[in-house]
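In the form predicted on its own, a lone chain appears below as structure tokens.
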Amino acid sequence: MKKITLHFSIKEITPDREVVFESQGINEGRNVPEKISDLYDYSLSVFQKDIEPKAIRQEITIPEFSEIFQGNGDNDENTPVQHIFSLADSLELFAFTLGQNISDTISGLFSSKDFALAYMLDSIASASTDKAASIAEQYSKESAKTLLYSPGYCGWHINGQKQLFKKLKPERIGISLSDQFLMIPLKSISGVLITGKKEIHTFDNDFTFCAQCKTFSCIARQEHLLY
């Protein structure tokens, strides 16, 4: 099926200030020290200068994705993803990257021990990647909901990236895989956009792998998108 390259504007994927601060433990309502505020403003200017956002998506059938999802057979025996995609109205493979420049800038700052700027810039870039995924999830029809599921989460083994990349070919937008199945550039995201009735996305976080989860972000995501 046809691959479609998406173009995100810098403005639409620039994360909200409050989201970045919250990721650093500064909750909404707290006074932000002027020094931190100035650091954020400068980091944001670097971020907007260095990013080269690109994305690609491709429609895929349930049988086709079933083969991708099986991968090397290393998934958990029971995962929510396997139940969800089998009930989907439609599926799309998806990948997004902020480009290599921003990753190189962040790595350079850490190497030069400019930790404050590096950490702030890293937080902005991570929040931006999450926001791009949220934008992609909004492409669904009014009668359905779309959520992104990625290899490495919810029992889908990280080596699932190999089959996903083989089908989607996100190298076209500058994303490659390391031997450990990590994406290069680091500020990238990939997975499958599953569209269907909102009920198919709801599940209890009582799977065996949930005990190792540190964020339980699935709960907040379900509450935000589905209710």
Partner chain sequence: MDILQQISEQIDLGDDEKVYELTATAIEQKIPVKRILEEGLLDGMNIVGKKFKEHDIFLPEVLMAAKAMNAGMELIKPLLLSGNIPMKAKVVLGTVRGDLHDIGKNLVGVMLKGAGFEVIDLGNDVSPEKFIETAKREGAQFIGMSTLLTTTMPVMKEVIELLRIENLEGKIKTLVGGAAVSKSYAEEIGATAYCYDGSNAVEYLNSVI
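Positions refer to the first chain, counted from 1. Every value quoted in this text rests on a predicted model; they were computed, and no experiment measured them.
Separately, the form predicted in complex with the partner chain exists; it is not shown, and the next lines address it.
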Open item on the list: Please identify the residue among I173, I189, L177, I36 with any heavy atom within 4.5 Å of the partner chain in the model of the complex.
Closed with: I36
Open item on the list: Against the partner chain in the model of the complex, would Y153 count as a contact residue? Criterion: heavy atoms within 4.5 Å.
Closed with: no
Open item on the list: With a cut-off of 4.5 Å between heavy atoms, is D122 one of the residues that contacts the partner chain in the model of the complex?
Closed with: yes
Task: in the model of the complex, F110 touching the partner chain (heavy atom, 4.5 Å) - done: yes
TODO: Find out whether any non-hydrogen atom of D114 is located within 4.5 angstroms of the partner chain in the model of the complex, and reply yes or no.
DONE: yes
Open item on the list: I need the one stretch from 177 to 185, 164 to 172, 190 to 198, 54 to 62 whose residues put non-hydrogen atoms within 4.5 angstroms of the partner chain in the model of the complex.
Closed with: 177 to 185
Task: Residues within stretch 147 to 165 having a non-hydrogen atom within 4.5 Å of the partner chain in the model of the complex - done: H157, I158
